[in-house]
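Below sits a lone chain in structure tokens, taken as the form predicted alone.
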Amino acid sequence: MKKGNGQLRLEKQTVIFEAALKVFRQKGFHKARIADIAAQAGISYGLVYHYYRNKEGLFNAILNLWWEDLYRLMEETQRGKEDLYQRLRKIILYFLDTYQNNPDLIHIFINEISRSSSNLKPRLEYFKKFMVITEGIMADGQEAGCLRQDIEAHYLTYIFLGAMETFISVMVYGNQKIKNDQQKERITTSLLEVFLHGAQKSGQEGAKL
């Protein structure tokens, strides 16, 4: 069966995306060239420009897919009837699943966005939206009596997202892969337990720190 123009376009874009992820990870955004991406994809230099005006346009297209999927998950989680534990678990698993299945994307997110002020600044609105939705989940948890109310919801958001981002960053910088689903579950449970219940050993309330 002959492929339609839409399907051919999607296939070409997928090839370009996968090549761009590898090149952006290896060289970094600023050193990567469209020629490098075309060579990695095995296509002509001009074909990349047929779909994307420039390197930044391609970079943004990749990131937009990441953010759109994340926002969709967040909004579904916010609207859902699941308890706080399950909501936060889904957020952590989104990042860990992506790291497990598409490590190049997480490497780019950490190195080229989260920890790069020059790349982060023009895309700060994406982060703000993500944090606002997360803060709403924290506020719901406070209202339900699951989270303490003497700490503001946006502080709880910083603590939760900061712990998750730092954990994943350490894995990225150490080039540590997620070996299997069991390890992924242990990481998720550990992050949730420490955030929700603290790291102090049970029965040692009031012990010296």
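These numbers come from a predicted model, not from an experiment. Start at 1 and count along the sequence shown; that's the residue number.
Below, we turn to the form predicted in complex with the DNA, even though it does not appear here.
Taking the partner from the other structure, the DNA in the predicted bound form has a heavy atom within 4.5 Å of a heavy atom of H50. Taking the partner from the other structure, the DNA in the predicted bound form has a heavy atom within 4.5 Å of a heavy atom of Y45. None of the heavy atoms of A144 is located within 4.5 Å of the DNA in the predicted bound form.
For R33, a non-hydrogen atom is located within 4.5 Å of the DNA in the predicted bound form, even though that partner is not displayed. Proximity to the DNA in the predicted bound form, taken as a non-hydrogen atom within 4.5 angstroms, holds for one residue of Q149, T166, N54, Q182, which is N54. Shown alone, this chain has one stretch from 60-68, 168-176, 34-42, 154-162 that lies within 4.5 Å of the DNA in the predicted bound form by heavy atoms: 34-42.
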